[in-house]
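The chain below stands alone, shown as C-alpha cells; this is the form predicted alone.
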C-alpha cells in the first residue's frame, strides 16, 4: 500500500463512517429515550434511497400505499382507544392524519416527479418516509412501552423482518442508485475529493453536532431522556412518554432517510441492504456504551475506517473484522458497569 491508496481508502472510510455515525446516534437516541434498540433503522435508509430513485425515474413510489395503510390502522386504533370519550379534538387529529396522507398521494400522482429539482425530490422523499417513524412506534411499540427490554428487542427484530418482506413487495429485488447532488471533483494535494463525499461529511457533522447540543444541553432534550429513566416520574412532571417515543422515532426516521439519500449516489442499495448498514452503526453505538453521543460518533467513524482498510488487506473477511470489534467493548462494558435487573 502506498500513500495514494491510503488516502483513497481513508476518504472512503470517513465517508462511510459519517453515515454509520448518523445511524449510531439514531440508535443511541431511540434507546436512551424508549429503551428500544431500533433494529429496523436500516429499512429507513434503504426505503429512502429506493423511493428517491423511483422519484428520479418518474415512477410513483409504492411507499405511498404503505403510508396510507399504516395511517388507516393508526386511525382505527385511535377510534377504538377513545371510543368512550371521543371529542372534536380527537376527530380533528384523525382528520389531519388522513388529510396529510391524501395530500401526499395527490402530489405523487400529479407532479412531474422526474422533472422536479433534486432538492424537492429529496423533500418529497422525506415527507413520505418520516411519518413512518411515529406510525411504527404507535402500532408496534407504544402498547408495549412498559414491557421488559428483552420483549422490546424481540418486537424490534420482528418488525425488521416484516419490513424486509414489505420492501421486497414494494421495490422488488433490483437495486438502485440515484444521481449525485453535484459532479464536481476537487484536488487537494495528491487526493481527489468528490463533491458527493463532501456533502455526506458536511451534513453528517451538522446533524451530529445538532443532536449532541439538543440532548445534552437543552431542557427539552433532557426531558425526552428522562422518560427512559422513569416513565411514571416523567409523566408526573408533565412529560408525555408517548410524545417522546413518537418524536424520537420521527427523528430516527428523518436521519435514516437522509442517510439513504446521501449514500444512494455512492453505492447501489437493495431492499435488504439496510440491516448490515445499521448493524455497523450499532457497533459504533456499542463503542459509545449506548450512552455517549461523541464516543458513538467516533466509534462509528473508526468502524468506517477499519472497514475501508480491511477491504484492501482482507476483503473476504472485512465483515468479520468489523463485527469482531464489538466483542472487546462488550467485555469491557460488562466488567466495568453495574448490573441492574429490570423492574418487575
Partner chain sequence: MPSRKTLSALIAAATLASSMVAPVAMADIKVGVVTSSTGPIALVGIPQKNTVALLPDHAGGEKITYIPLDDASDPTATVKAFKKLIDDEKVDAIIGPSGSGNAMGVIQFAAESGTPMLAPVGTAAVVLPMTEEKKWVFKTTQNDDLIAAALVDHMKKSGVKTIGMMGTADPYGENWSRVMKGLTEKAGIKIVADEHFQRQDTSLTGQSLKILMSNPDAVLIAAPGSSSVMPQTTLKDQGYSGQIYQTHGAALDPFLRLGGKAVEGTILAASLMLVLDEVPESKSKEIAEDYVDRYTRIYGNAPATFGGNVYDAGLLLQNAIPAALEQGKPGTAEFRAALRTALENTTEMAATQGVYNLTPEDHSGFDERGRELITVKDGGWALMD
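All figures in this text were calculated on a predicted structure; none of them were measured in a lab. Residue numbers count along the first chain shown, from 1.
Not on display, but discussed next: the form predicted together with its partner chain.
*asked:* So its partner chain isn't shown here. In the predicted bound form, which residue out of 305, 311, 70, 279 has a non-hydrogen atom within 4.5 Å of it?
replied: Only one listed residue qualifies here, and that residue is 311.
Contact residue in the predicted bound form, chosen from 97, 160, 194, 90 - any heavy atom within 4.5 Å of its partner chain:
Contact residue from the list: 194.
Legend entry - Residue stretch of 244-252, 161-169, 123-131, 199-207 approaching its partner chain in the predicted bound form, non-hydrogen atom distance within 4.5 Å: So the stretch in question is 161-169.
inquiry  = If the criterion is a non-hydrogen atom within 4.5 angstroms, does every one of 35, 44 and 215 touch its partner chain in the predicted bound form?
reply    = Verified in the predicted bound form; spot residues all out of contact, no.
Within a 4.5 Å heavy atom cut-off, is residue 137 in contact with its partner chain in the predicted bound form? No, residue 137 is distant from the partner.
Could you confirm whether residue 154 comes within 4.5 Å of its partner chain in the predicted bound form, counting heavy atoms only?
No - in the predicted bound form, heavy atoms of residue 154 and its partner chain never come within 4.5 Å of each other.
Is the gap between residue 77 and its partner chain in the predicted bound form 4.5 Å or less for some heavy atom pair? Residue 77 lies outside the contact set for its partner chain.
Exercise for the section: With heavy atoms only and a cut-off of 4.5 Å, decide whether residue 9 touches its partner chain in the predicted bound form. Expected result: Residue-level check for residue 9: yes, a contact with its partner chain.
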